[in-house]
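As a starting point, one isolated chain is supplied in structure tokens, in the form predicted on its own.
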Amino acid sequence: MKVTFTLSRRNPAEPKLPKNYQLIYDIVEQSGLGRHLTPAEIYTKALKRRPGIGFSTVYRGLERLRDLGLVSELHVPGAEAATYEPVGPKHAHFRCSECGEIEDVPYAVPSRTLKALALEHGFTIDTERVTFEGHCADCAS
């Protein structure tokens, strides 16, 4: 099946999405910055709004939205599944090794560090992902 995208009325920069993908996008966007949803959580929310939607539809939708740059996919070591969040400013993540909670951390690797690493090793760096791990404030107390 070939899916074509046209410009939407909401924001000319965003493609018009098939209705199920639009629903998935809305769920991730409405979760807000700093909220990391698993595919299972997104599926549960989608099922409440559109009974009969399939888990594979949600999964394919998330892949498409990620590829279009509309949502961010996060793979955190130790987490049971990838999580998805709205696209936002650059940031790192912190995962509590006790409770598993994932939080945003306002941090980005300085561009001079990325340039120096690339020059030293002879490669280019397109993006970086930084994840810190330890105990959150609740678990540390």
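From a predicted model like this one, the values you see are computed outputs, not experimental measurements. For every residue, the number given is its place in the sequence shown, counted from 1.
One more form of this protein, predicted together with the DNA, exists but is not displayed; see below.
Contact annotation for residue 67: none of its heavy atoms lies within 4.5 Å of the DNA in the predicted complex. Mapping the unseen interface onto this chain, residue 60 counts among the residues with a heavy atom inside 4.5 Å of the DNA in the predicted complex. The DNA is not drawn, but in the predicted complex it has a heavy atom within 4.5 Å of residue 56. Of the heavy atoms in residue 131, none are within 4.5 Å of the DNA in the predicted complex. Among the residues 92, 114, 102, 82, the one placing a heavy atom within 4.5 Å of the DNA in the predicted complex is 82. In summary, the region of this chain contacting the DNA in the predicted complex, judged by heavy atoms within 4.5 Å and restricted to 106-114, 73-81, 92-100, 28-36, corresponds to 73-81. If you take 20-37 and check each residue for a heavy atom within 4.5 Å of the DNA in the predicted complex, you get 20, 21, in sequence order.
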